[in-house]
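Taking the form predicted alone, here's one chain by itself in structure tokens.
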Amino acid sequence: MAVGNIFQQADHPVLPRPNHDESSRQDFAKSLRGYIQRAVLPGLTPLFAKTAKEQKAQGVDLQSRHEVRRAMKSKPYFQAYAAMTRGAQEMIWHSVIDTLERDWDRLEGEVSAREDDGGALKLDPGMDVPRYVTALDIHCMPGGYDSGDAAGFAAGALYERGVYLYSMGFGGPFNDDKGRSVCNYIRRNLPDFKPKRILDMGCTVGHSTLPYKELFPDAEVWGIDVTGALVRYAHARAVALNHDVNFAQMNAEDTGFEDESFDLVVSHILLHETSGKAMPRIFNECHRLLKPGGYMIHADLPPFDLMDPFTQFVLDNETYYNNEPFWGAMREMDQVKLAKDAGFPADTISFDTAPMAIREQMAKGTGYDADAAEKVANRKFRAGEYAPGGGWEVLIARKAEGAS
């Protein structure tokens, strides 16, 4: 794949297809996000240095992200940054809605035509969707993940195109970078691990689910999420991309799958969209579902403990301005303790970094030396570094061989 195409979204039959004007508006929204990240965000660093100096002169040390926020939130430059970030986010979703409404009849036909093909599709119209999903429009996506219509798929189609724009193409052509990055990590670090049954919790539209079927073609792969609109779209998308993967409307806190029925349980940015009460239940469910010797891998964003207060403050803006209420709180939870409490042996639990697959792909295609991709894969990550900086934080634990 040419480097120039890495940041273009790959087409498939159930992807909303913008016309010329819609595409221009969407490209502008994506470019605006990129401009904010490249040209506006760096300006917060000298502003913070000046603010911290002023505060210190008054006898105040800014020792937490909350103290930094209180000192920074009244600064006009920060207010402009926050407003631009929020505006660009809302612009992304609304630009995609135009496409979705115009392209609806075609999409409905494409999705419906694939319902009886591929792997299993299990919907639960009576599911009680958790309040942490229904209470607000997560990351400002209109309607959030729950469209309220288990037979629909609008939330899935909106997410498919919108999240590509949000990530500025760093999710890769198929928005699957998180799953592909973890698969690369497994391939390098667990070369003898050959799971026969794999579960992806909180799969949304199956972006990160499909790479596991590619890496382990003989495995039975399941993706689950709490809303029917997401898993219905995920199923149609998998069929359109020629993957035989199963999808079900289930809650990761209590899936209903039988005990010890999976070799590998994964998630990709699920944890920061749940809640403090849900996370221990999800870890407990992972332990229950895994066969002895099986692995749990959660890919998300790194905890705050190794970051300075300013870095925490910058990252925590998602909590305040992007409808991500658990974004900051999740980073303060002791996930290692949650894994221990769920039953995973302490010596099997660790945090590590899975280098971004898209960064490796870029290195391979830019004419760098032959070892460029491996250099990307093997470099050391700094505390606080986060996607699209180069890697995904992964929490890994293994169920004891003799456990039940």
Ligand SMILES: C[S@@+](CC[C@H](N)C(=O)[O-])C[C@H]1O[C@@H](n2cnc3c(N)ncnc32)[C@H](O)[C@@H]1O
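Everything quoted here is computed from the prediction, not taken from an experiment. Numbers for residues come from their place in the sequence shown, where the first is 1.
A second form of this protein, the form predicted together with this ligand, is not displayed here; the remarks below concern that form.
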Fill in the blank from the handout: In this chain shown alone, the residue from Arg161, Arg288, His268, Lys213 with a heavy atom within 4.5 Å of this ligand in the predicted bound form is His268
Completion exercise
Exactly one of Leu230, Met296, Ile92, Val245 comes within 4.5 Å of this ligand in the predicted bound form through a heavy atom, and that residue is Leu230
Fill in the blank from the handout: Of the candidate stretches 191-199, 304-312, 131-139, 106-114, the one with residues having heavy atoms within 4.5 Å of this ligand in the predicted bound form is 131-139
Exercise for the section: May I ask you to check whether Cys203 falls inside a 4.5 Å heavy atom distance of this ligand in the predicted bound form? Expected result: yes
Handout entry: Distance check, Glu253 to this ligand in the predicted bound form, heavy atom within 4.5 Å
Key = yes
Problem - Residue contact check: Ala88 to this ligand in the predicted bound form, 4.5 Å heavy atom - result: no
Handout entry: Ser181: touches this ligand in the predicted bound form, heavy atom cutoff 4.5 angstroms
Key = no
Handout entry: Heavy atom of each of Phe283, Gln335 and Glu393 within 4.5 Å of this ligand in the predicted bound form
Key = no
